[in-house]
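Consider the single chain below, provided in structure tokens and representing the form predicted on its own.
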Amino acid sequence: MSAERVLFVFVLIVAAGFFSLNVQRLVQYLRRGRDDHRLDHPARRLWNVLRIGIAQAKILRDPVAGPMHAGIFWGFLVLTAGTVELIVQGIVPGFTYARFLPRPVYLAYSASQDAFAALVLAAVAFAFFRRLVLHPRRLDGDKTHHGDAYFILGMIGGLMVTLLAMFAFDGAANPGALGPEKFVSRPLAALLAGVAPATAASVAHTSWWLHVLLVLFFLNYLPYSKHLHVVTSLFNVFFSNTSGPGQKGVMKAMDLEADVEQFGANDVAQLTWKNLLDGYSCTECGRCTAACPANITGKPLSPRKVVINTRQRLMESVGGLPLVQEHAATAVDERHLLDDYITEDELWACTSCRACVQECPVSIDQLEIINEMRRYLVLSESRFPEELQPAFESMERNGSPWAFSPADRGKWAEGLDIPTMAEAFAAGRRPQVLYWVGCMGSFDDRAKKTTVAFARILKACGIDFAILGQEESCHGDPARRMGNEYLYQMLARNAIETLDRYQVRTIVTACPHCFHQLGNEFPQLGGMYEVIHHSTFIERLLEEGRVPLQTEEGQALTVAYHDSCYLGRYNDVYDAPRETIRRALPIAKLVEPERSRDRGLCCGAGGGRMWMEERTGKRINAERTEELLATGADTIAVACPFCMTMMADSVKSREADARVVDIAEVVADRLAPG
């Protein structure tokens, strides 16, 4: 074996060994987090890897930066095959895939190396131009690592330059060796025709060494770089639940009977290993923060910062300790993720809209970290905005976030001849459908109009339904989103007990929060029901021709529909409300605001924000209302009582000439008399 081959094997073994130690180190750090089972539904997880990880579905949502990043990623995938060939050549001189692959396959492979090297080099050039000249706002702030990004881009560019140089000079040293499939390096070799063959061969060999050394250095630099996501992103997508398996946005149930020192998380050790892997996988692209309604309107929250802080705190807490030393009593033990890195104001600014989760190209769940830290604040330290205390007390005493008497829950139905489940059971009837009205629909004067409208539709269609009346109580979703898991489980179990007592199987509701909670989170506590949102239920009735509409086509309105976060991003219900409007108002013009569907902007009421004052920055509902009014719409349609309140208040404050209606009201207004 030649001295050069011995040297190469030595370098390769050292690099591989160092990389292996780094992998072990990072895995050891992940073990500081709590256990979290993430191996269920392997087929769905593999599909997420193919769709989100390999096909870059989320990256490509950005029409400018998306193709650039996808090009670099796909280039790396393709060029990895070539890198393996080059490394094997260092051990086995003269090795080539041509010995094993059919010629057409090898020619396609050879062409791909040229094509993707040029593609990646062009993408790197654009990335530099974008950062240095275009300077997108979302790449700034949150202590992002610009220097690291430039260094990584420089290394990637260097890898492509050395690869193309190796091909071109090899072609110059061996005229005719490059076939037409080398449509990039072949013209480059032609430009080097005047170079002596021996010199060209020497430069080609040097380029090979530089390329391989850059690959090995790049691989071992990544564990110390924010670009570690190059290695971890596919694993993160596989283990993530943000796009399934299971229902999206479902908070984890807590074992309140467990013998634990604290509930929730105030430091990385109380988060799960998957939350910590999210920190490794963050690309610092800023898509999450750019989509966050709190950040957009000047609040202190930045979802990107939350994830970056998690990674920073993890690395600080381990302090570069050797693998055998799990922890050390140093000054860093006196610091915590909460307060030292992330403030209360940041956490309470969150509306739980899932825009950050939706936009993350590597399936990070920023909201899960926020929710766990809220739980710690409420359950372990009783630290929460003072405005939440009355809501907590009312939910506990009255079964509603507001101080209304439970006896008044069914007053909206007086004179409408709507039976309660108790009355139906007393008469020996078992209604097919339970109409879950919800707290807003029962007590809020504006929301009660939606409640009545939907009830009218059900009656007009001959649906066999009933309500719970004063037996209905809050299911606890607001408490859970505000971090009070104790109160949530108490309310949820009471609601499940009531529903099971009446053998309820099918529930319809006009509230997306009730829809999500009853259908997606109650199963954690044993409540198994078919839950249908009123937009979907009405759309089905319209499609079946069961809704007796007036024969006239209605008004030629211009309608902008506002997507509810808990209906859309949580449950993928986007078309049903729009189709309901189209069917009920066939000559109306349905217009879309700048941000709509899964990019829709939150109304600002979710995550308990309905009960908190908005003291910093612009009001979120004001930002959203301006977008909706900018469409020229004379009618703003909603499918959520929270959205109704936020949109109506903002429209009223502007004295705008537009009305805010629920889709149930749109249909009820078109019911034929009789």
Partner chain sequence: MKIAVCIKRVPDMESRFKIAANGVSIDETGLKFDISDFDAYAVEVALQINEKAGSGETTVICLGPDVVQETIRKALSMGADKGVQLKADSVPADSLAIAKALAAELKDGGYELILFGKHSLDAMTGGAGTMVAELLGLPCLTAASKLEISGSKAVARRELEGAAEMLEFPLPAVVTIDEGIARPRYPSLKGIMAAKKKPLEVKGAQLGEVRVIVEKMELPAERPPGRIIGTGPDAVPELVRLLQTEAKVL
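Note that this is a predicted model, so its numbers are computed, not measured. Positions refer to the first chain, counted from 1.
Keep in mind that the form predicted in complex with its partner chain is not shown, yet the notes after this line are about it.
Not displayed here, its partner chain is approached by Asn398 to within 4.5 Å at the level of heavy atoms in the predicted complex. Not displayed here, its partner chain is kept clear of Trp412 by more than 4.5 Å at the level of heavy atoms in the predicted complex. When its partner chain is considered in the predicted complex, Phe73 lies well away from it, no heavy atom lying within 4.5 Å. Shown alone here, Ser382 lies within 4.5 Å of its partner chain in the predicted complex, counting heavy atoms only. Listed residues Glu530, Asp572, Glu594, Glu386 were compared with its partner chain in the predicted complex; Glu386 is the one with a heavy atom within 4.5 Å. Residue Phe263 is the only one of Phe263, Trp208, Phe537, Phe116 with a heavy atom lying within 4.5 Å of its partner chain in the predicted complex. For the marked spot (Leu256, Glu393 and Ala407), a heavy atom within 4.5 Å of its partner chain in the predicted complex is present in each of the three residues. You can rule out all but one of 127-135, 94-102, 428-436, 374-382: in the predicted complex, only 374-382 has residues with a heavy atom within 4.5 Å of its partner chain.
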